[in-house]
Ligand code: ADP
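In the form predicted alone, a lone chain appears below as structure tokens.
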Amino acid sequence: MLETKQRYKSDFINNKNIKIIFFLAILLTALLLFAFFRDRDTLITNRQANILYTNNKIEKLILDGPYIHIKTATNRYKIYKNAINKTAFFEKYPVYVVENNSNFYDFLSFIIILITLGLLFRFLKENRDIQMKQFESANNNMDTNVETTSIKPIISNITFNDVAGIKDVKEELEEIIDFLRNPKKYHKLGIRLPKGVLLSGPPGVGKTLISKAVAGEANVPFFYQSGASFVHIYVGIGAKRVSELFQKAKQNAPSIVFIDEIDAVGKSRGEFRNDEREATLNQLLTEMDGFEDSSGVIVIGATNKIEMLDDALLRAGRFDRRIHISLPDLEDREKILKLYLKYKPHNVNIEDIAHMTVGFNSSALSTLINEATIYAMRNKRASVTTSDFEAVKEKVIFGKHKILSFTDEEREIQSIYQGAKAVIATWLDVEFDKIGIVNSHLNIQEQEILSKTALLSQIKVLLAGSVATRVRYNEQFTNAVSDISNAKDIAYKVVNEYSMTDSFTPSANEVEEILQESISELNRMLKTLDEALDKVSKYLLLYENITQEKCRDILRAIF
């Protein structure tokens, strides 16, 4: 019955709107016709009027406002009354004077326009009122749904035994797990643990699994939410969900709040405003600021795009600890494969499989093992063999689970490229944590104040790989694109932002000069460090990663 009434009301409103639109169309048409037919006489010049005068074509003259209308046997014309010799024209031809109705016509036009605008305003206002009622109704329904949808924690049964290849990450998270297990021990010493931990890294490296493992190790409730679930079309709903989430987490403390793809809600606030997203982000910031030191709630966020996050979310007191999870190296892949193959009948050399899966993340390795097992089953084999992995590898790489993977030739090129960066960085005392074949981005430590020498050293490190591969192969490769772009950016800042040149008004070619000088110096250095580069690149081919300390050991042994 209620639906029928609402449908009838909607039909009535729609019919009313159609009538208003139809009436407006008639008024506008009438106004246009009135303007079109009011005065259709052709405007002529003094010369044209004199020709009509001389040829006796004029039948009569009509004086109407600022114009003199000229009527001939076939046409009607008009001319400004001060543009002709009125005395001569008026003596020769009959003149009729029309009362000035222009004010009346203008008034009538003004009234028609006012009526049109009034009806249009009324139409828009009624539509707005209808939309507001629909919004309130939908908002009430949404509120009801939000209230009735209880936010429930889960108890994770996943531990670090179920996650392989993240040794460094485990060490970072151990003290957080201990805090969640024994919060009183830390409170007695006045220790405040980070309110938030941000896990960043490429897709498929296991950020969600690691968070569940933290909750499982600590044996605390785990609240999972996707960042996209907070963003609604109605302003305020996302903020309300955030508030309810944290309220529930505090009631179940100690607990973990995990926000996956946090960049969906924590995206940097810029010129393209989104009121709902900003309201949700502000609520998230408020909730994290409102944490008491003893609340026992830790927020873990995960993102693939840390550069897109708002600065306010990354400042001290919120996500204090940031952990980067990179693609697994050779040793990590061996551990992951061993874990995933634990309960599968197989007859494979795990080390060989690890060597053939450069660039695979943990998710891709899981898919590879599953596809290999299916392939073995189709061929009626009781266990998985290396040939099964070789048969499905291309499918995993180029199929719907497409990932980055290197051929043997590409691995050699990449080992020279990354090895040159590691050698030059160590030689120039540019600190880094680890450089690997898969992880192509150099992790240069950030500093607030940098000298020109330090910036030029960074440029050399970024260009070292492209110079080394050009020398070795007499060729240039696309793997240098990101590093070259970063080197250009630093050189541009040296010249244009930091004014670290001889003049405060730099010339156009100074950036190019810095880059070319860096390349010349690199050519000289790499000749000296050729033996070290060979050893480092071979080490990378074997182990895929090299630390700066290991690189120093190689250099010490040579020099």
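The first residue of the sequence shown is number 1, and the count goes up from there. The structure presented is a predicted model; accordingly, all values stated were derived computationally and were not measured.
What comes next is about the form predicted together with adenosine-5'-diphosphate, which is not displayed.
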* All three of Val163, Pro202 and Gly206 touching adenosine-5'-diphosphate in the predicted complex at 4.5 Å, heavy atom to heavy atom? -> yes
* Interface membership of Gln418, adenosine-5'-diphosphate in the predicted complex, 4.5 Å heavy atom rule -> no
* To do: Verify the contact flag for Ser362: yes if a non-hydrogen atom of it lies within 4.5 Å of a non-hydrogen atom of adenosine-5'-diphosphate in the predicted complex, no if not.
  => yes
* Even though adenosine-5'-diphosphate is not shown here, does Ile336 get within 4.5 Å of it in the predicted complex, heavy atoms only? -> yes
* Though only this chain appears here, would Tyr96 touch adenosine-5'-diphosphate in the predicted complex if you measure heavy atom gaps against 4.5 Å? -> no
* Structure fact -> Only hit among Phe406, Phe90, Phe477, Tyr340 for heavy atom within 4.5 Å of adenosine-5'-diphosphate in the predicted complex is Tyr340
* To do: Work out which of the listed stretches, 351-359, 460-468, 206-214, 422-430, brings a heavy atom within 4.5 angstroms of adenosine-5'-diphosphate in the predicted complex.
  => 206-214
* Asked: Of 484-510, which residues get within 4.5 Å of adenosine-5'-diphosphate in the predicted complex if you count heavy atoms?
  -> none
